[in-house]
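The chain below stands alone, shown as structure tokens; this is the form predicted on its own.
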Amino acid sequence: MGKYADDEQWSDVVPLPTDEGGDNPLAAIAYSEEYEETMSYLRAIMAANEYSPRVLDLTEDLIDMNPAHYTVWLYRAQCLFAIDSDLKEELEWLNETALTHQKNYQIWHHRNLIVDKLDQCEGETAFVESMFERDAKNYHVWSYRQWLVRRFGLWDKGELEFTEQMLQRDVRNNSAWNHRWFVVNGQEGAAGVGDPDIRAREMKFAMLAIAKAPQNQSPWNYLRGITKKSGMSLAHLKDFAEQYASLDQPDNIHSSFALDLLADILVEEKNTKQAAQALDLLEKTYDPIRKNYWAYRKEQLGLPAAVA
């Protein structure tokens, strides 16, 4: 007998065992007896469309054994809403579960459903920040943070300052750069970097970050994004790029990303010969691991082989 079979509370339920193809399945999954029994009771509960406090106990038990089981999470959410359970208590339970299973998508989707139903996000940004103290690049947590901003209109509620704090800790945190771009440009109807003052602020921010770590791709991409979204020519960045990659000093290149940007600027200016020189430096000296890519870029310039 098992935990549920011996429990008087569950005596009215006839469990539904796993059917993997009869008595001799080709490739049966080796579930533990405890997990198999618990799932058999969940199947019976779901077949009966039961929503009750004992269902919450059952799903909690299963989540503890397999926190990635999305069907269990979905049925738990349906049960919570059906019996009008205390959703703030659910969040408190979720906090501990999230800390134990930090990279689990289902936990954050469930949290999304609960907070959306509550229609308020008090304490959520603080909890997210506590998660970032453990892993500052957790994709699921960043996605949830963006949902919070959009759902509750937190665009100007300290999000920009939050990205600055995260990038002060780690200027190479691409997730934080992505979130900053989202905060500046993601709000519907907002000008973002189309506003000259915002554009100047964001360009300065990226340039200062590059000064700290020139061989960090994120702020270089951020600058490229600003020029593209605002309709600027890349030529506006030429003087800046040449501070880190001057063709007059080919042995003193401080950033391969600056050199790549400079090559694109030179192509834009139709100076294909110098563009080929920049790409040649990337191919042979500053980024040889991608030499085939840089060689391809040179081929696209259409120069005679001897020149390229």
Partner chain sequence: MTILHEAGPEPRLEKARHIKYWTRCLKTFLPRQYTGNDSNRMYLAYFIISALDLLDALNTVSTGNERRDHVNWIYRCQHPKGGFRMWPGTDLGDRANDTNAKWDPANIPATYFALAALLILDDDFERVKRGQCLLWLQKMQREDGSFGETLVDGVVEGGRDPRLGYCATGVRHILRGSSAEPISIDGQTVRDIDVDSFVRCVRVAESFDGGIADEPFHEPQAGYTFCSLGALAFVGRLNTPDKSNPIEPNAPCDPHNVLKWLLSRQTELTDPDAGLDTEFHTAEEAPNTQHAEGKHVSKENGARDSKPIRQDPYQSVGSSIFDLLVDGAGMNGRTNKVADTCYAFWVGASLDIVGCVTLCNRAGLRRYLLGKTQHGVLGGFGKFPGDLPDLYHSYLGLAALSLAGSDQVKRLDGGMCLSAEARGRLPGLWDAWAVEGPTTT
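Quick caveat, the model's predicted, so the values are computed rather than measured. Positions refer to the first chain, counted from 1.
Below, we turn to the form predicted together with its partner chain, even though it does not appear here.
Asker: Whether residue 71 contacts its partner chain in the model of the complex should be assessed with a 4.5 Å heavy atom distance threshold; does it?
Answerer: Heavy-atom contact with its partner chain at 4.5 Å: present for residue 71.
Asker: Is there a heavy atom of residue 127 lying 4.5 Å or less from a heavy atom of its partner chain in the model of the complex?
Answerer: Taking the distances in the model of the complex, the answer for residue 127 is no, it never comes within 4.5 Å of its partner chain.
Asker: Heavy atom to heavy atom, is residue 10 within 4.5 Å of its partner chain in the model of the complex?
Answerer: So residue 10 does not count as contacting its partner chain.
Asker: Do residue 185 and its partner chain share at least one heavy atom pair within 4.5 Å in the model of the complex?
Answerer: Taking the distances in the model of the complex, the answer for residue 185 is yes, it comes within 4.5 Å of its partner chain.
Asker: Out of 230, 85, 143, 95, which one falls within 4.5 Å of its partner chain in the model of the complex, going by heavy atoms?
Answerer: Of the candidates 230, 85, 143, 95, 143 is the one lying within 4.5 Å of its partner chain in the model of the complex.
Asker: Let me know the one among 99, 191, 211, 200 whose heavy atoms come within 4.5 Å of its partner chain in the model of the complex, would you?
Answerer: So the residue touching its partner chain in the model of the complex, by this definition, is 211.
Asker: For the stretch 231-261, return the residues whose heavy atoms include at least one within 4.5 Å of its partner chain in the model of the complex, in the order they occur.
Answerer: Residues within 4.5 Å: 243, 244, 251, 252, 253, 254, 255, 256, 257, 260.
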